[in-house]
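There is one chain below, alone, in structure tokens, taken in the form predicted on its own.
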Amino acid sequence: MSSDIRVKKKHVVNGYRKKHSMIGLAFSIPVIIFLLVFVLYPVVYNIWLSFTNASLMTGTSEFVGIDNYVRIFSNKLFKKYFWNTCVWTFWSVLGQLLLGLGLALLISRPMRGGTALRSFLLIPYVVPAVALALVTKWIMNSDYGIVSYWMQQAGVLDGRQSLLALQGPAMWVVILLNIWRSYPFPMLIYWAAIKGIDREVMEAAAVDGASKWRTFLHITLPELKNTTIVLAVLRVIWTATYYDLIYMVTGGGPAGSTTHLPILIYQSSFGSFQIGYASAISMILGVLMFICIIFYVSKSDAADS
């Protein structure tokens, strides 16, 4: 009798497990379809295009092997644009992290009006890139821009000259804009991480006579190590592929001094309609970003363990 009850109970449990498995599969199917259609298919198709001479102008799409990649790496301008991407990404990310950390340390201190200050510091993150680009081009205009006028009056610029028209300063202008617009994200992440540091450790260091600088150097920074690594990887990925702001401000000029790989992809695909060539460039950028993702995942697993 007891064996029959156990058998029936086993069948009921197996039935519930099967039912729950089917429900889970039913909920997973839309996500799987979405990933296949909007993630996997575009990636696979882009890989195929990178080995063809696909063109929107002629409508042809013939397999050419690695010709696109040979053409890319033999092009001296590609090396320049790749270097521009490195400069844009490195200094933008470094500035975002340093400014974000500094402001996170500021807002983590108890103060009057702290909530209002935090809200104020978040404003750049909600400013549309289009609005920021238009204002920047307006104040940097060589004829009537207020910043250009001040610099012309100070003798820094020649008459009717603008920083956006100079090959060196133009890149630094867009880097500073990107830092200003993007620092709130690292600031919030650092602020949350600082709040998670054990207060007793900080108080013990103060009792032992450690200065604020030594406390920051030997306690705060080590506690923020994993946060910094994850933030740096994420910001590198997002910044290296960021296109809107730099294109709307400079269009990649002057003389290609602010052209980076995303702009080059746009120019190759929708400028000269060389889809195959543009796909090859995007694959190179994609491989670099994939390496960053692998690094991010490995560091995240190490932090969790």
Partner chain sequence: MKKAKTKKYASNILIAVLIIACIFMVGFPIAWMALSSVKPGVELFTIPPRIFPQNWSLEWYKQALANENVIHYFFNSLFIASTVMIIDMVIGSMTAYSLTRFSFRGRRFILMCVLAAYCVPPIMLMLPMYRIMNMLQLSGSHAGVIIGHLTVTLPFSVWLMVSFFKKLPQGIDEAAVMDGANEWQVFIKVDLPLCIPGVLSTGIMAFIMSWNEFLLSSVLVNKESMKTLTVGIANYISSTHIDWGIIMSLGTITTLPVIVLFAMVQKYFVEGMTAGAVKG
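Not measured: the values here are computed from a predicted model. Positions refer to the first chain, counted from 1.
Omitted from view is the form predicted in complex with its partner chain, to which the following refers.
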property	result
In the predicted bound form, Val87 touching its partner chain (heavy atom, 4.5 Å)	no
Val31: touches its partner chain in the predicted bound form, heavy atom cutoff 4.5 angstroms	yes
Contact label in the predicted bound form: Ile189 to its partner chain, heavy atom within 4.5 Å	yes
Contact label in the predicted bound form: Ser74 to its partner chain, heavy atom within 4.5 Å	no
Residue stretch of 87-95, 120-128, 198-206, 213-221 approaching its partner chain in the predicted bound form, non-hydrogen atom distance within 4.5 Å	120-128
Heavy atom contacts to its partner chain in the predicted bound form at 4.5 Å, residues of 234-258 in sequence order	Leu234, Ile237, Trp238, Thr241, Tyr243, Asp244, Tyr247, Met248
